[in-house]
Ligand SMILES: Cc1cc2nc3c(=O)[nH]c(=O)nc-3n(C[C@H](O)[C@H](O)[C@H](O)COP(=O)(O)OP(=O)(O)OC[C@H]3O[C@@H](n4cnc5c(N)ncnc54)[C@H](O)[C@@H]3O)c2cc1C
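Presented as structure tokens, the chain that follows is alone, the form predicted on its own.
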Amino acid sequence: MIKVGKIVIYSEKTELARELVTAALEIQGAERSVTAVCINDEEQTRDLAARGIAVVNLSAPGVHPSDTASTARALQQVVDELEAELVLLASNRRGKELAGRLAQRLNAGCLTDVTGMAIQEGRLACTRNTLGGATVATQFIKTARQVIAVAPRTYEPAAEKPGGSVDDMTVSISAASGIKLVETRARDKDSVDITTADLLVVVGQGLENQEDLVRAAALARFLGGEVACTKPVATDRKWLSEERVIGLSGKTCKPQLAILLGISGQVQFTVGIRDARTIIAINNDENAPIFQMADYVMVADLADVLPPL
């Protein structure tokens, strides 16, 4: 029977690494230890050590987060040195690629987009959305070593507490990287992170024109929230940036309140918003699937509802 022993966590994004700390601590026991790895990042090392865990401050010359191949080689050396059985990564775009590369090097089983973990009869049970988000499956990894990428926002960020420690470690990557970093530039995108918003006004294809979008944005501002959207609003109509897309191809959000305007409720969208504390849905189709998951519903035309709102 496979058991969870030493746990190593890593993400190049500090905010996601904090969530992994919480995930690791929830499944650890007296016989397990948790160690975070920070690669060429002194600031992240101090931040995670302040969460009360052991941190390996890894010096790996030539390794850059954009090169997941060299990152996997560096992490493999740490995992081997610590004799860890479980590696937790963040299931963002880079983390999912890294998970596959690292699992191959460790000869480990791998799961990505994991939304929950629990110890069941000595094994680590992982829950994941399957069939495009239509169902939730519980899956186990059979190999002695396991690599699991946890979906962002599944766990709360770990709070600061005493007891952390830092150990310095240096690794050398013998094989030359196939990637040469020429320059780094910030990507043009919205400055708003919809995943952190407590209130979201989410628009779908039921909005007939951009005047309605202006009204929806005004409603969000008045309520102290942000505007988000379904994928077609961003990719087909180009009304909003893809940074504001919710769903399987976008972001997972857990606001206190979500107001859904003109959204039918396809599963590819609902997987990104179903964990909102309260959902209000407005749609002129009384049979819209979104009404099955909403807490409050209104069958109405947005052209009639938005102006008074």
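Values in this document were obtained by computation on a predicted structure and should not be read as measured data. One-based numbering along the sequence shown. Under this definition, the rigid core comprises the largest set of C-alpha atoms superposing within 1.5 Å between the forms.
There is another form of this protein, the form predicted together with this ligand, and it is not shown here; the text below is about that form.
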| item | value |
| --- | --- |
| This ligand contact at Asn283 in the predicted bound form, heavy atom, 4.5 Å | yes |
| Contact test in the predicted bound form: Gly206 vs this ligand, heavy atoms, 4.5 Å | yes |
| Close approach of Ile263 to this ligand in the predicted bound form, 4.5 Å, heavy atom | yes |
| Contact test in the predicted bound form: Lys231 vs this ligand, heavy atoms, 4.5 Å | yes |
| Stretch in contact, per heavy atom within 4.5 angstroms of this ligand in the predicted bound form, of 35-43, 49-57, 246-254, 62-70 | 246-254 |
| Partner-contacting position among Leu25, Leu16, Val297, Ala288 - heavy atom within 4.5 Å of this ligand in the predicted bound form | Ala288 |
| Core-aligned C-alpha movement of Gln44 between this form and the one not shown, 2 Å or more | no |
| Rigid core superposition, Val55 Cα moves 2 angstroms or more between this form and the one not shown | no |
| Core superposition between this form and the one not shown, C-alpha change of Gly265 at least 2 Å | yes |
